[in-house]
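For reference, the chain that follows is the form predicted on its own, supplied as structure tokens.
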């Protein structure tokens, strides 16, 4: 099994999505470097693509979003390798049917896929503890990952997240619900990516 590396960009974007919509459940996918043809033992998540905050499991919208992201990944040597979700209830950080179903779909296309469940109670600027749990599919069920999480400097992640939250960067984040409402809202979040790069 590969070790897991979550970059500052992926870490910050999935948490900014949860912060932007504290009243709603949110979900999205995580992109990783395609290392299937390499001998690398590390699964490096380099970006998070926010999907929805209105209805997480709506099949036609989900399929449309996945198709667009797959096309985006092809030219960038990236793969859809993870799924993230924060539940609507502040105290609920358990996997529901939607998380398990979409996570399994991602895993069908990428064997080492991970599922990230965000703990809403830990999503804050001053958080120093891991704000999400990482699961992998084993024995036909999602289990806590036993993979070593060799992340980029955790202090750098927390400092970047703090700076982004202080500046209100979560308001810039666009998910596919925003994009489907108005196609000028870029789900790739290129401006936000630049802002995150400047924070690191």
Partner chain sequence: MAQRVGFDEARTTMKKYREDQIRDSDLVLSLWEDVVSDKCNRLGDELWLVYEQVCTAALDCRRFDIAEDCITCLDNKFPRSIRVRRLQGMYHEAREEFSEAEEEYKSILEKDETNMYARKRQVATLKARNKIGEAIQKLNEYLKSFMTDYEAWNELCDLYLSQHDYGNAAFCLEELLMSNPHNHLFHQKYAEIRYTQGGNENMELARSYFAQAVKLNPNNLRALNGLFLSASTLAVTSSKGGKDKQLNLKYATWAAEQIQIKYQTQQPEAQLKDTKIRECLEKHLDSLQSA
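Being a predicted model, the structure only gives us computed values, none of them experimental. Numbering follows the first chain given and starts at 1.
Another form, the form predicted together with its partner chain, is not on view; read the next lines as being about it.
- In plain terms, the part of the chain that comes close to its partner chain in the predicted complex, with a heavy atom within 4.5 Å, is 64-72 out of 64-72, 42-50, 155-163, 27-35.
- The shortest heavy atom separation between residue 171 and its partner chain in the predicted complex is within 4.5 Å.
- At the 4.5 Å threshold, heavy atoms of residue 111 stay clear of its partner chain in the predicted complex, well away from it.
- Among residues of the shown chain, residue 191 is not one whose heavy atoms approach its partner chain to within 4.5 Å in the predicted complex.
- Not displayed here, its partner chain is approached by residue 59 to within 4.5 Å at the level of heavy atoms in the predicted complex.
- Annotation for 15-38: the only interface residue with its partner chain in the predicted complex is 23 [heavy atom within 4.5 Å].
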